[in-house]
Each structure stands twice: as C-alpha cells, then as structure tokens.
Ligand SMILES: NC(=O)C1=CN([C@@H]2O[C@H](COP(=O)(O)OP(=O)(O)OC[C@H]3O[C@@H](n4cnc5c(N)ncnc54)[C@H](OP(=O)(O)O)[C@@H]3O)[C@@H](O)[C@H]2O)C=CC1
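Single chain ahead, by itself, as structure tokens, in the form predicted alone.
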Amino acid sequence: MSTAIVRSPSDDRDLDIVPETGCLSIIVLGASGDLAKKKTFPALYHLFKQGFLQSHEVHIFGYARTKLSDEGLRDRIRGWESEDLVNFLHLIKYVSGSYDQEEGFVLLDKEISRHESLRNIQVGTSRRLFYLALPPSVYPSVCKMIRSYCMNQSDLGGWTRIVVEKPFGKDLSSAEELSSHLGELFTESQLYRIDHYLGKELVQNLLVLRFANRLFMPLWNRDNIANIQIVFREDFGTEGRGGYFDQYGIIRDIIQNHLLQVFCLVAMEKPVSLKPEYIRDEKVKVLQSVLPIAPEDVVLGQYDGYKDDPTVSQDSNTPTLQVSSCGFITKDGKVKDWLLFYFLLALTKVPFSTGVPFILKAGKALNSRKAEIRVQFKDVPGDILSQSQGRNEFVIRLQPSEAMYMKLTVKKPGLEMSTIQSELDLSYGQRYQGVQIPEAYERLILDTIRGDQQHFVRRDELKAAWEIFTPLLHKIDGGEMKSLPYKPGSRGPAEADELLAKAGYVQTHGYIWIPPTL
C-alpha cells in the first residue's frame, strides 16, 4: 500500500506513516519511445519489485501514436529486464491515440475510469500521475488534452500530477512561453519538472554532507577554498543522437540543467528546514546572484569527427564541450563571509582573488567518463615540509563508481621523511556491500507519488537558470562565438586548461584515484 507522510506543524521530521487512500493510475505518454523503454518503465518495475507500487492499487497505462496492442507494449518492455515480469506486465494497459486530438484522450480517460471503478473507490479520491516521456514540442497540446479530458476530481483528496522532462525550452523566452502555457492549465503544485541528476544518490547526499558535519562548516568558505569544479565528461560522442544533440548542444543538454542543479546545492545557504519550498528558495537565491556568463570566461569546443554524422549540418557550430567560470554578486553588492560565491567582476569592484570561482565543465568524446564535484583547497601557508605533493581536494564522484574521497599529503612509508599524496576514501561499492543504490528515476517517480517537490525544478528557478545562459547561447547561435576543434580521447582544447588555470585551479600531476576493489 502506498503511504503518505504526516507532519507536525512544529516539526519537519517525518512523524508517522499512514496509508494513502485511493487507487493510483500512472500514465506514460510516449510509451513506445526510447525514454519510456530505457528509463520510465524500468523505474516503475523496480518500484513495484520493492513493494512501493502494489498490484491491488496501481495500474499503468501506456499512451502513444504507435499502433500497438497491450501485449505489443509488454513485449517491448520485456527487452530490458531478464527477471520475471509477469505480475508487473499484468498491470499495463495500452491506448493508442494522437497527441492533439480529443478522441484518444477521451478513450484514455475511459480506460482509467474503468480501472478506478473496478477498485470501488469514491469518485474524487483516485490519483492520476501523467509522465510525459515526450519531446517538449508536444507538451502544450498534450497538457491541454489532459486538462480537458483526463483530470481527476480532486475535491475529495485525489490528485492529478504532471511530470515533464527536460529540455524546458531553448532559451529564456521559449522557457517562459512554455511555463506560461503550463501555468494556465495546472497549478505549480501539480507540475513536476524532472531533472534526473537531482535523484542521484551522491547529489541527494550533498545537503547531509554540508549541513550535518561540523568538519565542513568552518572550511566551506572563501578563506579556505581556492575553486570548485563541477565536471561532466563522456568518453564517447553523440552515437546516433547527432540530430537531436545538434539542436541543443552541450550547454542546453547538460550544463544549464544538470550541472547548474548540482551547483545550487554546493553553493546554497543552509535552509531553515528540510521542507521542499525552503530548499528550493535557497537554490533560487543562488541562481539570482549569478552574473550572466561572460564570453571571456568561456571556452567552447567541438570534437573532430562530430560533423561526420549525416544528421549534423556540415557548418554546425554546436559545442560538444564547454568550460566556464561563474561570477556572482550579492543583492547589495557587498561581500559576506558566510557566503561562498562572491565575485568578482566590475559590478562588485572586488578583485578576482577574493572570490571562489566555480568552474562548470562538460564535454563529449573526452579521455574519460565521469561526473564529479571537485573542491580544491588553498595551499598550506608557511609549508614547513616544502614537499607539497599538490593541494588538498575533496571530491564527490557522482558516477560511475560512486564515492567521496579527500586527497591529502601524507608521509611516504619508510625511513625517509618524504611525502606522497593519498586519499581518505568512502567508496560506496566497498562500504555498502549488498546495498542496491536506486536509479534516479525510481526516486523521483516515488517522490512525485508522495507529493514531495524538493528534487524538482520550480518555475522561478527555471527562469533564473535561463537568465544566466541565454545571452551566451544567443551569441553562439548567432555565430559570434566559435567552437574550437579538439581530438576525441583528449582533455579537450588547450584553451580549456588555460581557463582552469586562470580561475585558480592547480592540476595535480602523478596522482590517480583508483576505486578500491573488494
């Protein structure tokens, strides 16, 4: 049975778990597509397998334009899972229809209502979750159809919730247009803008790490931190997604959403409690303090061979790599010691050296695959050993091989007083043996069912994020900024490392973190 969390008005901790009434219908729109097959249905299956979705109360509907039978959709789903899916597949019903015509949605509502009536529930107590595994271009028509023909009567405790996938627009104006359209149809509490990075285990750990450990509180400031990198690297190219990727580029695909969400959790102030709106308020404050990215603080790259993809234009300037350093101002233009992100440019009249630069780096066809947060601390003042092996760094490895480790200088074993760089390491695969780390989509779908919007993007947060990148994106789209070529399998163009050095990052040579083995 699904659960609802009961909270005391004076205490934000979970006090009790009680059953939530009403049957649950999960409708996957775009059910025949790649996203639904690879992410949405596997996440639903794993929630079912773990008991979070119960067969006596939940039913799953697939909806798409493709002509399929119930069994045809089930055959598609069987392809990604070797385990016994029989009980899960019995929950799935398929409805075929257009995304902009009422007939299909009237039929969909009829099937949902039939399922609800079989549960003998009171009208208005059922729950309907619509997951839009669709391109954003059809969001307006689909949401209009849902609003007109498929809404649950929510006056008796039931609800209708809409999950929308990124990209949320291509720039500020298109994002605002989409937000306005959705806002006319649904309340903000009904909308769940999903960014799967917010469901990753190590991203979820950031609040606990920062605000539950005394160790970090006196260190997390500009007096101790030299710079912070948030990095996303892939060792492969577009691989069949060239046509899609060329419309968006690395900034829209990765940086403006995934990395910026991580950035907010690293830079935000401590919220007054763990209530979702307090956390989202602090994230918005961070974004509203960020200056638009200046061209001189950006390096763009495009790997050799990118345009060999026949779906990519031969004159494409779409970047497959971006490195940028972020600048910040406070509301009153003053530096406050309890904030991490004071910058740096002419608006504040503060020298570059007094701030903490944030470096956002994302790229394809590079020399490694990883996503991580790298906090580099300043040099030790008055180093009496004079044998520094490199700066201390605190690294949070988001994927793959989830881990947190601190790079330290220690004495090298032996009779000589010589030093070496090593690490204090918390590798999840070794420390939490036998613990299954949930996929991000599992966590976020469960949060949607529970009505917890903490890990979803609010409208004002989305607007503030686009305000940062839109001027830069328009310059790129207009050909004012060019992408530099780089070789696949490299670190990217040399100018990227030069920008890192300008922002104060000191690379450690001769040290490689190796995930421990069991």
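Since the structure is predicted, the reported quantities are computational estimates derived from the model, not experimental observations. Throughout, we count residues from 1 along the sequence that is shown.
The same protein has a further form, the form predicted in complex with the ligand, not shown here; the description that follows concerns it.
Since the chain is shown here on its own, which stretch among 57-65, 461-469, 445-453, 42-50 would lie within 4.5 Å of the ligand in the predicted complex, judged by heavy atoms? Comparing against the ligand in the predicted complex, the contact stretch is 57-65.
Candidate from K38, K475, K482, K487 lying within 4.5 Å of the ligand in the predicted complex - any heavy atom: Selected option: K38.
Have a look at A133, C264, V203, I230 for me and say which one sits with a heavy atom within 4.5 Å of the ligand in the predicted complex. The residue from A133, C264, V203, I230 that makes the contact is A133.
Does G30 reach the ligand in the predicted complex if we count a contact as any heavy atom within 4.5 Å? It does: once the ligand is placed as it appears in the predicted complex, G30 has a heavy atom within 4.5 Å of it.
How about Y192: is it within 4.5 Å of the ligand in the predicted complex, going by heavy atoms? Judged by the heavy-atom cut-off of 4.5 Å, Y192 is well away from the ligand in the predicted complex.
Classify H90 as contacting or not contacting the ligand in the predicted complex by the rule of any non-hydrogen atom within 4.5 angstroms, answering yes or no. Contact check for H90: no, nothing within 4.5 Å of the ligand in the predicted complex.
Given that the partner is absent here, does E282 sit within 4.5 Å of the ligand in the predicted complex, heavy atoms only? So E282 does not count as contacting the ligand.
Which residues, if any, of 441-468 lie within 4.5 Å of the ligand in the predicted complex when only heavy atoms count? Result: Y441 alone.
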